[in-house]
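Heads up, the chain below is alone and in the form predicted alone; it's given as structure tokens.
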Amino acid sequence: MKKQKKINRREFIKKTAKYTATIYATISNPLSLMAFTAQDREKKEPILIVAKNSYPADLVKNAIKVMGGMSRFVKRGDMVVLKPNFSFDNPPEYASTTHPDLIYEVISMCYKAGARKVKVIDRTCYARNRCLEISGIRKAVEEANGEITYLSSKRFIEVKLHRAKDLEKISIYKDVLTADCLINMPIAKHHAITELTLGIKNWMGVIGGDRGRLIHPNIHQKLADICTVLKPNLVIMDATRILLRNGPSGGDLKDVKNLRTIVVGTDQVAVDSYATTFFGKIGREIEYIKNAYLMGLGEIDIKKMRIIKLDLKG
């Protein structure tokens, strides 16, 4: 029998505390144990916060707190741009648009961190005012004192994509390019063309011109190409409810699964890759995620991510 190595009391306490923190992270909300340090942020592995089993506002408040607080991303006087998805004229429960409660809470946190202005931007597929009203997003933005940006064709700027493999240039809305802090807030759902629409696909809502003609041919590579210039400071993936079929517009509650979950991170490839697991997939199965990874734009392998799970049980 192998003789066990004796350890002193200090080593025992240190090892026990580390083990307890690891287990506790998966079953509850140990914010004091998991607050990020400067050393954490310097590590190359992407860090994802997966918060579940509570209401949208509670999920995002706790996830951002573990990330180090909104002040880590938003500084006093910043102009912040949020890019949710409100492309369709369905109520929140149909899982075709970002949950309005998430948007309200994120805007509020940005202002508490010192933001000068918070703009909310998307280019809708259906009538804009109808989408904003029915999704509940107009009310959420106005109550949080955010600003809904009505897109003007004059404010799209042509950008050259020097690292791209397919797109040489693309028009992107100016406010997105000039934001002090850019926060991507997609909803996880099925898509008829790309199989899933997640964070990377959500950038379609800030592209100008005839998007179908420009992007749809070889769409998976072009979406990856766009990520060479659109790099969010923060990604908040809405999986409070997900659309399993008939996306991206949906329209049938039978296609919706309530997960009461969000994923928060700074690596858009990593967040998207993790979100594919909600649909029983892995990141490499979605071509635009794989392409972005192959271009060195983020991590795709979940085993190489540090994932902190918060079970809030609210």
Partner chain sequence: MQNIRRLSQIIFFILFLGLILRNVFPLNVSIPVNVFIYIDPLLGISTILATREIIGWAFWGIISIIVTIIAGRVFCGWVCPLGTLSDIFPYFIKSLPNINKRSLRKYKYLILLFIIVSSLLSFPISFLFDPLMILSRSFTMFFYPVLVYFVNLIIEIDLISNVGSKIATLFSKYAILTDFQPKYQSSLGLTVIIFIILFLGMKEVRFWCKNLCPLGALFALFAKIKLLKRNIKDNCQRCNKCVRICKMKSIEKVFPLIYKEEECILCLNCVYECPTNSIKHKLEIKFAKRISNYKNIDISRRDLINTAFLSFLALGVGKTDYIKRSQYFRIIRPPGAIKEEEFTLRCIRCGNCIKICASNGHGLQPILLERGWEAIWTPKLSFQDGYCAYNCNLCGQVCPTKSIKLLSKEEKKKLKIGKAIINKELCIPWKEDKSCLVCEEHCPLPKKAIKFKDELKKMPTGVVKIRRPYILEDICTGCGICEYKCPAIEGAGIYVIPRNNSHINNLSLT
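Computed from a predicted structure; not experimentally measured. Numbering follows the first chain given and starts at 1.
Only in words, not in the display: the form predicted together with its partner chain, which the text now covers.
195 is the sole member of 101, 78, 195, 166 with a non-hydrogen atom lying within 4.5 angstroms of its partner chain in the predicted complex. Partner contacts here mean any heavy atom within 4.5 Å of its partner chain in the predicted complex, and among 186-194, 69-77, 232-240, 102-110 they occur only in 186-194.
The closest non-hydrogen atom of residue 58 lies beyond 4.5 Å of its partner chain in the predicted complex. Within 4.5 Å of any heavy atom of its partner chain in the predicted complex lies no heavy atom of residue 144.
For residue 114, no non-hydrogen atom is located within 4.5 Å of its partner chain in the predicted complex, even though that partner is not displayed. In the predicted complex, residue 280 stays away from its partner chain, with no heavy atom inside 4.5 Å. Judged against its partner chain in the predicted complex with a 4.5 angstroms heavy atom cut-off, the residues 50, 83 and 122 are out of contact without exception. Residues of 200-237 placing a heavy atom within 4.5 Å of its partner chain in the predicted complex, in sequence order: 201, 212, 213, 216, 217, 218.
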